[in-house]
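The chain below stands alone, shown as structure tokens; this is the form predicted alone.
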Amino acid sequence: MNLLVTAGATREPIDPVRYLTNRSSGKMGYAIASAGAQLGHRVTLISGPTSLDIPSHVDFIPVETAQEMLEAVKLKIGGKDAAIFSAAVADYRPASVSDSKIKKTADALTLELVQNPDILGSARHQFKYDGILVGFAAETENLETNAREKLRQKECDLVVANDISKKGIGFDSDHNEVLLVYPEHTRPIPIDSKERLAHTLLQAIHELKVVGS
């Protein structure tokens, strides 16, 4: 298969020193990209900043902001058998970016934030993508309900959901426990290493491709 994978967090600059981001380590996305390459798939990995080693035998595209990731996805998604959006893209960015470091001159500072582009939501309509579309949902409550709503709104074939309120899994961890949410059913995957979960996910995507062929 020809795969596109997004991974990591985005960074939205406030000034030359500071930025908005989130706790995503990128480990799940990098595990998926690495497993894909090991299985002989062609993999394009679009990644926000991480401390991880770049997987071998992938086409690696580094980005920083949500807008940069959107442009990279738009450029590379065409012709891919599956697009796996595991990156934790910032929902908002500062409305303006200071050219110089903002000094501490008052007791409070107010930032105006504006919405970032919806990269997953752009796949079907803006990019006209017709391959297998996989989204990720990191939730703290109503895991299946929220994941199923994302599946519907973004027109995904599969959403991989995990409860980030559980200790020992998810962000920064080498392990995860996920729910595979399909249009007609849900499949729980018990806690395992992100490397093994990556292979499980790729097998699920292969099965979707076979059914859709």
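Just count from 1 along the sequence shown to find any residue number. Because the structure is a prediction, the values reported are computed rather than measured.
A second form of this protein, the form predicted in complex with cytidine-5'-monophosphate, is not displayed here; the remarks below concern that form.
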At 4.5 angstroms, heavy atoms only, are 48, 68 and 94 all close to cytidine-5'-monophosphate in the model of the complex?
no
May I ask you to state whether residue 81 is within 4.5 Å of cytidine-5'-monophosphate in the model of the complex, using heavy atom distances?
no
Taking cytidine-5'-monophosphate as it sits in the model of the complex, is residue 129 in contact with it (heavy atom to heavy atom, 4.5 Å or less)?
no
Is residue 150 a contact residue for cytidine-5'-monophosphate in the model of the complex, using a 4.5 Å heavy atom cut-off?
yes
Answer for residue 89 alone: is it within 4.5 Å of cytidine-5'-monophosphate in the model of the complex, judged on heavy atom distances?
yes
Enumerate the residues of 112-126 that have a non-hydrogen atom within 4.5 Å of cytidine-5'-monophosphate in the model of the complex, in sequence order, or give none.
117, 118, 119, 120
